[in-house]
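First, one chain by itself in structure tokens, the form predicted on its own.
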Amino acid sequence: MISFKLEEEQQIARDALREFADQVMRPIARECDEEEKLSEEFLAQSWELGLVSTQIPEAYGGGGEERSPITNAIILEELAWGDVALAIAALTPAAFAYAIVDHGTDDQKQAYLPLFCGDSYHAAALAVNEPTVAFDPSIPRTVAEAKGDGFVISGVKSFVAMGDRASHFLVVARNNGGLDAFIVPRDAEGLAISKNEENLGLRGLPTATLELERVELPASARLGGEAGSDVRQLLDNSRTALAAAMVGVSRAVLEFAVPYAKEREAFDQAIAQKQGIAFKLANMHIETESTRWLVWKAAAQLEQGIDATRSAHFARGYAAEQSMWIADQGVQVLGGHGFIRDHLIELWFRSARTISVLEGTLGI
């Protein structure tokens, strides 16, 4: 029997993060978007919640709690409901840290995990996206070649979150016919980091392009060392996380559009009573719920150690399509008001469009 009832701890986490999103994130979302600048105070506040450090083993300075992809999906939805750009900023370090926890060698864990267990926010990022047409993360153009006891990496990565301050990047590259991930320090010779990119949405999130021109790395920089790592699992984690964030954006649109339609009158009648609007709202609700179930299925498989590639791909693909559709329907419900900045709906529309084309930004 399948139960979709949240456990007590999950309910507590959801309620706490929902309150945080409402009281801390929503009030600053517009300002961060307009100024294209993160709130340092927000980063400090989110770090105090221990969203990353509590799920790092105690041996490396963390809280030692067992990681739950399902609970993390619930948390991500709530944070993205507050603002998806801020949510990604807060949890970008998790993608790097959790990859080290899951696949790193003992030396890699000792070297990098304590960075995420301090009192202040520490940025590191997963670099997967590439600025190519029809980009496929399973066939990146970034290539690693063996050289002596180490590797040489060449390629370009785009939309790397927190690129303006990340101390390390986990770069996914082709290696000898397969996929590998490499830990690249910010000051590596041959690595060029662009100024912040200018994006349609998620404008409050600093992103950068990485140009790697024959960056030489020691063998110890390969995630997992000599054994390597399961990069496919990294992508499954990221896709599930992004899908959870898209559910949060979809829910934000829906929860704004419904009361608006009930209050907005046209021809002496609330527009929610018009069939055309009522059907839109009903279908928006259906698709939001349906996407959440796909996310939870993928997260459950990740939690159980089952191959989640198929489910994660379905969840991300469906979430990308439906979150954009829901955002568009939300704009239409508001009519002309949907395009003005007095309402957050246009921000969510741009956020949905942007996050729907991402890969490899979050971890779960």
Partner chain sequence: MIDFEPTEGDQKILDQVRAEALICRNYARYYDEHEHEFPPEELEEAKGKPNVYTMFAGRSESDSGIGIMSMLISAGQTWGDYSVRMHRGTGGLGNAALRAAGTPEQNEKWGETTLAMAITEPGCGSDPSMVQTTAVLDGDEWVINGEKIFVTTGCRCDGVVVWATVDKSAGRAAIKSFLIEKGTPGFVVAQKEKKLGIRADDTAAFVFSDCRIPRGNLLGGNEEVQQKGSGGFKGVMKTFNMTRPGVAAIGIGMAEAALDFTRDCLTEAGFEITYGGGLHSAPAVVDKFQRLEAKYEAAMLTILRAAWLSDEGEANNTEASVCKAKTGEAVRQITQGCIEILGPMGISREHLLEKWFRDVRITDIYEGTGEIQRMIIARSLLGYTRKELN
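Remember, it's a predicted structure, so these values are computed and weren't measured experimentally. Positions refer to the first chain, counted from 1.
Although not depicted, the form predicted together with the partner chain is the subject of the following passage.
For residue 296, a non-hydrogen atom is located within 4.5 Å of the partner chain in the predicted complex, even though that partner is not displayed. Shown alone here, residue 232 lies within 4.5 Å of the partner chain in the predicted complex, counting heavy atoms only. None of the heavy atoms of residue 110 is located within 4.5 Å of the partner chain in the predicted complex. Among heavy atoms of residue 266, none comes within 4.5 Å of the partner chain in the predicted complex.
Note on the partner interface in the predicted complex: the residue among 258, 143, 156, 193 having a heavy atom within 4.5 angstroms of the partner chain is 258. The partner is absent here; in the predicted complex, the one residue of 227, 200, 219, 278 having a heavy atom within 4.5 Å of the partner chain is 278.
The three residues 29, 122 and 339 each lack any heavy atom within 4.5 Å of the partner chain in the predicted complex. Figure note: of the listed segments 296-304, 330-338, 33-41, 48-56, the one touching the partner chain in the predicted complex, with heavy atoms no more than 4.5 Å away, is 296-304.
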